[in-house]
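Take a look at this single chain, the form predicted on its own, given in structure tokens.
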């Protein structure tokens, strides 16, 4: 029997996971990665945002049969811990009791996925291989060794582009007729900072995503297995309060002491981190179609890069693997049917989560300290507890279910109408649980939704 073969361009999170899925189906998989083997060189931090693994991501790794290995490198976060300008802490639970998203180091997860994938006999990794483009009609990929300059041409019946937001595979598809592509940047950038472990372990609550919301900018911190926190500062590139305005150690120190005073004692390396780590950009990428015939397909950020504010970039990429694998089962690995169907059906969900991520940036930056927003959150939690079969908050739909992103976006928009009506009821802020209008307004809204 002829061996089934596949080529994956990009050995990051999605590429390594998809290699596992294909290997379990009996494919010989060659993975070409631009970077060196981080298992030997180690992971170099300094420009990453910690990942938040939620239900969609866990479903993918469970389906790949590697859940238990990855549980070992994840820390549950049950909610947001808000830090006020004067240092008061407020905890906002994400979902129901026991529900959590999980903090995972990007480098640690990538290392673990590489190790797991490489355990399969027919998965082969090729490092220091920069993709110089593909010929989708011929099923050929061109590579250049980043250390020696040696050129390699690889032919494969299947080519998967998992090479990130600046995908070389996608760049080749952009030369084809009727390929739609857009790339948009926020006026905001980000910089990685850190809180090292204390003498007795974590210096803050470990099972929370910490946020310092300051209106036009914010600081976040996620826990790591070594009891440190990876912090990320999000703020405009330009303006009165911006990265441009922080050019000296004195300016940086004054800025942090003014806006994040409770974090400063926890960050002994703040000034060095700020100087050494780059200021990176945040982009949203949309494109279509994601495929060429039955031989080339984009997955993950190569197809749908999004900003990180809903914690769904990795989860969406991992869910790509889940859904594609399910289509292979349903259609007997008939790639001509599977690839076109996946590209067509998945793209609207990718657009929806891109929109949701942009919306959630405003929520995290501006609204989490707003009394009206907090009231609507309390109302939503009450409705979810009172009507568990009829009402699931939009955040829970995205993070704690497998409801398609486009359905979560639509439902969330409809829920905003209900929450606004209940929030306008006289005295609601003092008596959500017993207020007589809650049930009436909910039933009226449900009736409208079924018309």
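Numbering follows the first chain given and starts at 1. Keep in mind that what you see is a predicted model, and the values were worked out from it rather than measured.
Missing here is the form predicted together with a small molecule; even so, the following discussion is about that form.
Looking at 83-91, 251-259, 328-336, 311-319, which lies within 4.5 angstroms of the small molecule in the model of the complex, counting heavy atoms? Stretch with heavy atoms near the partner: 311-319.
Assess the spot marked by 10, 13 and 130: is the small molecule within 4.5 Å of a heavy atom from every one of these residues in the model of the complex? Result yes, every residue of the spot touches the small molecule.
Which residue among 29, 60, 51, 383 has a heavy atom within 4.5 angstroms of the small molecule in the model of the complex? In short, 51.
Of 35, 406, 39, 421, the one that lies within 4.5 Å of the small molecule in the model of the complex (heavy atoms): Partner contact (heavy atom, 4.5 Å) among the options: 35.
Taking any heavy atom pair closer than or equal to 4.5 Å as contact, tell me whether residue 190 reaches the small molecule in the model of the complex. Output for residue 190 is yes: heavy atoms within 4.5 Å of the small molecule.
Any of the heavy atoms of residue 291 lying within 4.5 Å of the small molecule in the model of the complex? Residue 291: no, not in contact with the small molecule in the model of the complex.
Does residue 168 reach the small molecule in the model of the complex, with heavy atoms at most 4.5 Å apart? Residue 168 belongs to the contact set for the small molecule.
Within 4.5 Å, heavy atoms only: does residue 78 come near the small molecule in the model of the complex? No - in the model of the complex, heavy atoms of residue 78 and the small molecule never come within 4.5 Å of each other.
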